[in-house]
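Just one chain follows, in the form predicted on its own, and it is written as structure tokens.
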């Protein structure tokens, strides 16, 4: 009898409960953790590293406590850890963090936690960043509310996430996403279904203007966005306003 992949059938039904979706996302990242960074390099031709460097460059003026949410293997946190700031990686996937710890973690703290229930006190964080992780939140607006809660008044939020590319690029990008990426997942990570889920999660995430509106509805101010690579990905910025 052929062994059934533990991810089979996990992502075709969108009407699953929050607990079921959380469990399935956990299975995805447990499966891909050992080759996650390699797959990111192959899928994006290494361009994701340029996007993350741009994120880090936008926040060099922020000092204090920085949380990189859904920080995974710590690649963004390493760009933020300059020796003068305390950087905390917060991620719900222990296998992802374990994969990253072996690559050096000087000046960084690793902490398990979910976006919808962050393990930080109110108004305790100067900057919260998240790269390609917010689309995996079970409740997006609840996650945004939690992010706002833990930021200090005036604290900043930066989200790097896949978005909707320019109209001329969208058809080619869609073909690449649905035909090439799952096959790369099968070849390199040996988990094509996991990467099929990741592609589908990109499509479900709000487009640039819609996500900016959602941030404003959740109480962020100074909201704006900056497309990278013609909108394939997008940097979203906002801050928790000072109390009046």
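Predicted model, so just to flag it, every value in this text is computed and none were measured. Residue numbers count along the first chain shown, from 1.
This next part talks about the form predicted together with a small molecule, which is not shown.
Student: Taking 71, 93 and 132 as the candidate spot, are all three within 4.5 angstroms of the small molecule in the predicted bound form by heavy atoms?
Tutor: Judged in the predicted bound form, 71, 93 and 132 all sit within 4.5 Å of the small molecule.
Student: I'd like to check something about residue 36: if you look in the predicted bound form, is any of its heavy atoms closer than or equal to 4.5 Å to a heavy atom of the small molecule?
Tutor: So residue 36 counts as contacting the small molecule.
Student: Considering only heavy atoms, tell me if residue 128 and the small molecule come within 4.5 Å of each other in the predicted bound form.
Tutor: Residue 128: no contact with the small molecule in the predicted bound form.
Student: Although the partner isn't part of this model, could you tell me whether residue 40 comes within 4.5 Å of the small molecule in the predicted bound form, counting any heavy atom of the residue?
Tutor: Output for residue 40 is yes: heavy atoms within 4.5 Å of the small molecule.
Student: Is there a heavy atom of residue 114 no more than 4.5 Å from a heavy atom of the small molecule in the predicted bound form?
Tutor: Residue 114: yes, in contact with the small molecule in the predicted bound form.
Student: The small molecule isn't shown here, but in the predicted bound form, which of 135-143, 165-173, 120-128, 150-158 has heavy atoms within 4.5 Å of it?
Tutor: Going through the listed ranges, the match is 135-143.
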